[in-house]
Ligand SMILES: NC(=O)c1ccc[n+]([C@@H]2O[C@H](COP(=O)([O-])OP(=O)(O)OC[C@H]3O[C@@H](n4cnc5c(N)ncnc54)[C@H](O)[C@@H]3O)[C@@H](O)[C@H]2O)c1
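Just one chain is shown here, as structure tokens, and it is the form predicted on its own.
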Amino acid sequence: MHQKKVLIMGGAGFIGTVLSPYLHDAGYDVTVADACWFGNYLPSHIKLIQTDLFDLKKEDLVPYDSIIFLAGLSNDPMAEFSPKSNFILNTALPSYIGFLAREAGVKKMIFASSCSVYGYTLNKTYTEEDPAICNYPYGVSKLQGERSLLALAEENFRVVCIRQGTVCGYSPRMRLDLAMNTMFKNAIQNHKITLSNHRIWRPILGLNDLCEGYKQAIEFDQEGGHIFNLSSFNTTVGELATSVIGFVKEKMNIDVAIEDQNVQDYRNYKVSTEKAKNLLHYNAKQNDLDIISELYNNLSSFSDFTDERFFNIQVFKKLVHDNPLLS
């Protein structure tokens, strides 16, 4: 039986450091290609090519059955700090890699998009058929990345765009600038969680559920191009904060307050995962307490909340300072 070869671009990041060993353990031959902006926390048995992804050539991609593209800028603060880099790395780079991959005979490309492409929505659960209208750099770049790759899809080159919810949980390449992760940190560090608006909706995606979704996407066998929402559950940020506060009180005996600033947020959306359930056989299993428990159980590995490596924007600002081409 042929062991599928998977190349994970950006696979040394927060998601990839969990996804790469997950897929390896599931029987795939995994290689990571990454510039390693945030270091390398991958297990030693995962093959790593440290490179600027723009330097890859068609022949470098020939050995692989599937490419997973996790690279690029990963959140709004980075995109707003450098809109130029945002569009180069989130739109132009996946387009270029997709073109090379198709020329190289790669069978499938899976693109990490974002549910933030839905922008600000009212009280409706969005499906992949609903309009994606966003007005800020990160969401626009992800939407354009999707469209450029879907335009390349054909019978022998399949494209799967995964619109991820807000990813949360523990990774050896840890981040504390993600919704639940930030709330957990602030509850312990400041005994207070500050919300922009408690009524704002978000789809939350646990890392375990994400990994299973990507595994199913590798095995998905329909021709052409496809978009899937991926989340574990929809919730308001106020409900999330309440869960974190209850957990921290029970486990650590810390009393935590909520400060709600009641400002208008430009992102508000909840999504349906029915398409992923029906076509990818995706079955979300994680809830809010699962994710918070995961953070709590690994707290000793990221307990220095002042460490800038846990905050993507701080690392990125230094990279831009040292390399003006990124600005």
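From a predicted model like this one, the values you see are computed outputs, not experimental measurements. Don't overthink the numbering: it's just position in the shown sequence, from 1.
Keep in mind that the form predicted together with the named molecule is not shown, yet the notes after this line are about it.
Just one of T235, N229, S113, S232 comes within 4.5 Å of the named molecule in the predicted bound form, counting any heavy atom, and that one is S113. Proximity to the named molecule in the predicted bound form, defined as a heavy atom within 4.5 Å, singles out one entry of K215, R102, R158, R173, which is R173. Residue heavy atoms within 4.5 Å of the named molecule in the predicted bound form occur in exactly one stretch of 221-229, 252-260, 192-200, 164-172, and that stretch is 164-172. Here the marked residues Y22, Y28 and I46 all miss the named molecule in the predicted bound form; none has a heavy atom within 4.5 angstroms. The named molecule is not drawn, but in the predicted bound form it has no heavy atom within 4.5 Å of Y118. Shown alone here, A71 lies within 4.5 Å of the named molecule in the predicted bound form, counting heavy atoms only.
Shown alone here, L178 lies within 4.5 Å of the named molecule in the predicted bound form, counting heavy atoms only. When contacts are judged by a 4.5 Å heavy atom cut-off, E59 does not count as touching the named molecule in the predicted bound form. Of the residues in 32-54, those that come within 4.5 Å of the named molecule in the predicted bound form through at least one heavy atom are, in sequence order, D34, A35, C36, W37, F38, T51, D52, L53.
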